[in-house]
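One chain comes next, on its own, written out as structure tokens in the form predicted alone.
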Amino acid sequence: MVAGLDEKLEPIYQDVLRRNPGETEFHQAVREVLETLGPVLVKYPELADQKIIQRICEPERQIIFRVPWQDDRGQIQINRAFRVEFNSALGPFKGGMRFHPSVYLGIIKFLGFEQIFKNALTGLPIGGGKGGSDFDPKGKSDSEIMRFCQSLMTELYRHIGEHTDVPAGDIGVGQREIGYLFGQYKRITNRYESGVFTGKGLSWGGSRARTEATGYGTIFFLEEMLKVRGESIEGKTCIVSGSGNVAIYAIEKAMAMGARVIACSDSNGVVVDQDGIDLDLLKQIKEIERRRLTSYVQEKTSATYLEDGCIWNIPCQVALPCATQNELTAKDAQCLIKNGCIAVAEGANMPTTPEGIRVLLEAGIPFGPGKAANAGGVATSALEMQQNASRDSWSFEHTEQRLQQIMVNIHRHCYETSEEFDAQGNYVVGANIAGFLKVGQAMAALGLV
């Protein structure tokens, strides 16, 4: 990371601020990429002449619409929904749908912008997009969630398709929600176009290993980061923020590769289990019963629950932020380093603040940014699209093997790019430049579109 922007890039960033007021997460995501692109414009001046950066920073299409629905009491509720179709130079727009009260246009644009580079790094033919709503599924009945999803899809269906825009899940959107969304899409269009959504159930077109893919992929990337330094995840003490899908399967794969995971978290606090997280219990509580993490210590009394605790204060060798954006600050990074952390890999999207990243990099800590380390989810979504297009279904083992090879290739590409641009081992530089060049060169080849 560098402290400032190249003088050629500062005006571009100022224009982004002017054109997108109040969208702080989007501003952060754009600046983080622009800070690494100065050397690229020196080596590839034609990309500056064609204004590729300015074009990448402006979405191809932004869709905002209301979602009226009726709750179980018969009361009418109104939410707002978004779909930002950011860049399709490499393929149809691809990115998840997020249901959370914090969702607004700036969140969706930050996620969509990150998705452009993440999807490019997979090497698969998918563009970048994202969507969501400020609807909160917590505390809602299945019937309420179904009615909301059906109302949302009544508008969204006209903007998506397997060759146009392919949504998936994200925070608040799992197989249940995907099922309701896809069911309404099928009902309206009269087409069983299974490739229009990914993250589907196995009985209706889903991919084996898709549920596990983001968490597994993060661990595969982490293992490659450690391997080039003569290390391995085996025997390492790990902490994982979050307790949702990504966190659970990062824990599962880390344990399978010999790590000891001692802590995870939710929005209310942190569970610390020095015996190692009981994965079966965690899955029972979070995936089946949908309870809070406080239930973990009720079932396993040797564990400790730290209400409003900070997971980054717990000594570890490997830290995996897998919850949400900007959860790991500079102060947290300093605490991790002080307590002996030797590697950080992001399972969530932009969970480390710019200041936190700077602290880690300046200390020489290997840091895997989300656009590389958590690309396994969208990579496996693209594999699901392949299976749907060929009316095929692959085994879990075959899909996982493909996923692992993709993550190994992403690591190699990022590492080699960091070397090429005199920043060896800086995966922020490597991921940003590698992703940008792939998309930018495709945009240049397609002309002014």
Ligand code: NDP
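Don't overthink the numbering: it's just position in the shown sequence, from 1. What you see is a predicted model, and the numbers here were worked out from it, not measured in a lab.
The following text describes the form predicted in complex with this ligand, which does not appear among the structures shown.
Heavy atoms within 4.5 Å of this ligand in the model of the complex belong, among the stretches 144 to 152, 263 to 271, 330 to 338, 355 to 363, to residues of 263 to 271. The closest heavy atom approach of A348 to this ligand in the model of the complex falls within 4.5 Å.
When contacts are judged by a 4.5 Å heavy atom cut-off, G242 counts as touching this ligand in the model of the complex.
The shortest heavy atom separation between K227 and this ligand in the model of the complex exceeds 4.5 Å. Residue contact check for I219: none of its heavy atoms lie within 4.5 Å of this ligand in the model of the complex. A heavy atom within 4.5 Å of this ligand in the model of the complex is found for exactly one of D170, E177, D165, E223: D170.
With the partner omitted from this view, the residue of K300, K283, R292, R80 that lies near this ligand in the model of the complex is R292 [heavy atom within 4.5 Å]. For the marked spot (R208, A250 and Q401), a heavy atom within 4.5 Å of this ligand in the model of the complex is absent from each of the three residues.
Although this ligand is not shown here, in the model of the complex the stretch 133 to 163 places heavy atoms of just one residue, K138, within 4.5 Å of it.
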